[in-house]
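Shown next as structure tokens: one chain only, the form predicted alone.
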Amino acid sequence: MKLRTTLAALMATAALSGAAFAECELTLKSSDTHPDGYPTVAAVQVMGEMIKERSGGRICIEVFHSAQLGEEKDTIEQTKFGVIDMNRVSMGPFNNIIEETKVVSLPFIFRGTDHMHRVMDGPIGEEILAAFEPHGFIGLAYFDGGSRSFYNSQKPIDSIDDLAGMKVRVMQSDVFVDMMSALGANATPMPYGEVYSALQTGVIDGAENNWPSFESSGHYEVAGYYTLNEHLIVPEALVMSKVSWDKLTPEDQALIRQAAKDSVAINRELWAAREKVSEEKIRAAGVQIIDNIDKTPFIEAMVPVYEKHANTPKLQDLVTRIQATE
């Protein structure tokens, strides 16, 4: 059966299964900041259907989308202590916890989405997933998070000079703060859920994110300029609390790990489709798209960011191996 057919069937089942959690012996709580229908949310919902089916109905996943359980920084803490069982989080908020995640969060570390997939699907990706466990998390899989670019409410950004002095929201990560400083902007770390009102009221001038997030958050309504410089291609991490993981049998651990791996292809298909829809909607809304930008000065400006954050032989080796991946 083709992936698209399988996906449609599983999504239909997932849509009808909201009231069925009481029938399960174990229901795992999973968090995501994005809204219902977003590719990461839908992929975990489909994964939950896989797990329910493969466990004979014993194990279910209840997905709390739209930051119902808190913003990413808060849910990471809750996941570590087993209050939340599973979490889909961008790599950025993990940067100050798990040093290996800093490398795949470095600007322009990936040459494109295909390059990112080859790296994260291979030994390097497995190595980074394993690095989560000593910190209280089980790394299960990587989801697509698209290419992140700058958007703002003030003016077109055609070059680094246009960023000078601008207040730009970034994820709560030292890597991203230093990235903005290297570009001459004023980084403003801020939870994702606060960005719309901050743009609307002028607390910040701009932010950076991918097509689907720019669209689903409504940020394009208050930020009319989008510059496709694609400075970040950061994989999303799907993790489980080690507290919750250790309560499972080895057989159930293997079942969940395999279902997580199987959900990756679903996420990628959903992501590719959603990117197209979001881009069309944003362009139709009249947002000015700057898509002929020279990335070279942006890349050259990142040298001090790499020097600061890939500052050990282990991290430097990771950078070298990622860049050498064909």
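When you see a residue number, it is the position in the sequence shown, counting from 1. Not measured: the values here are computed from a predicted model.
Same protein, other form: the form predicted together with a small molecule, not shown, and the subject of what follows.
At the 4.5 Å threshold, heavy atoms of S105 stay clear of the small molecule in the predicted complex, well away from it. Remark: R257 does not count among the residues lining the small molecule in the predicted complex, judged by a heavy atom distance of 4.5 Å or less.
Although the partner is absent here, T33 lies within 4.5 Å of the small molecule in the predicted complex, judged by heavy atoms.
In the predicted complex, the small molecule sits beyond 4.5 Å of every heavy atom of S244. Here is the short version: of Y142, Y192, Y226, F137, the single residue with a heavy atom within 4.5 Å of the small molecule in the predicted complex is Y192. Between the small molecule and the residues N152, T75, T101, N210, the one pair within 4.5 Å by heavy atoms in the predicted complex involves N210. The stretch in contact with the small molecule in the predicted complex, judged by heavy atoms within 4.5 Å, is 202 to 210, chosen from 249 to 257, 202 to 210, 128 to 136, 77 to 85.
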